[in-house]
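What follows is one chain in structure tokens, specifically the form predicted alone.
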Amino acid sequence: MLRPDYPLRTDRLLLRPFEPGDLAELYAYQSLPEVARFLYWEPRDLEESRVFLQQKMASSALEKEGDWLVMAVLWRETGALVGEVNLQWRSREHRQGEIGYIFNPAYHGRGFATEAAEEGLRLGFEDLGLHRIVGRLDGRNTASARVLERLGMRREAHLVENEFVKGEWSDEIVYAMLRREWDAR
């Protein structure tokens, strides 16, 4: 089980559970076509973002395998909600996890996704005791691949046309890191 001692602080960011007051900033990026482009969902309207905010607020701890830990990422300098980082506990027996992130394009190019995802990896490896964490992405999402590479994750698989998403076949790229690789960084 993992229940982080919030808020978590990195050099420039604050990670905490989502709160009701985050709706406007969450909707600001969930409503953008460029954010939803490589995800399973379409741009969300305000009501859909409100529903997903409730789900995100309920995901502040990992209690059993299959759970997602979802953290709002705030830029400490301004207090702005810039995105989110997610950690899934995929398997207790095999000590497996998955990392994910979504960021407002207004804050791209500043290293925020890498910084926040690094804290997600730290939680998974050091606090939850995971052996392996993967990151999965649409094969066309080169910006997300660069984040995982900057974190030191290795590209393990390129699954060709393995999913039919939004009316087209999509490739999936899988990156991974082992605990010993995390420790050696």
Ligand SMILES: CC(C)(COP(=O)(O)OP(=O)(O)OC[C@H]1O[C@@H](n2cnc3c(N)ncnc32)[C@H](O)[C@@H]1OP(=O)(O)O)[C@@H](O)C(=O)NCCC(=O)NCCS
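Numbers follow the displayed sequence, beginning with 1. Not measured: the values here are computed from a predicted model.
Separately, the form predicted together with the named molecule exists; it is not shown, and the next lines address it.
Contact with the named molecule in the predicted complex, judged by any heavy atom within 4.5 Å, is made by just one of L53, L69, L123, L137: L137. For the options L159, L39, A61, M57, the residue carrying a heavy atom within 4.5 angstroms of the named molecule in the predicted complex is L39. Residues with any non-hydrogen atom within 4.5 angstroms of the named molecule in the predicted complex fall in just one of 43-51, 126-134, 112-120, 61-69: 112-120.
Residue contact check for L81: none of its heavy atoms lie within 4.5 Å of the named molecule in the predicted complex. The named molecule is not shown here, and in the predicted complex it never comes within 4.5 Å of any heavy atom of Q30. Remark: R150 counts among the residues lining the named molecule in the predicted complex, judged by a heavy atom distance of 4.5 Å or less. The closest non-hydrogen atom of R76 lies beyond 4.5 Å of the named molecule in the predicted complex. Contacts with the named molecule in the predicted complex, taken as any heavy atom within 4.5 Å, map within 128-149 to R136, L137, N141, A143, S144, R146, V147.
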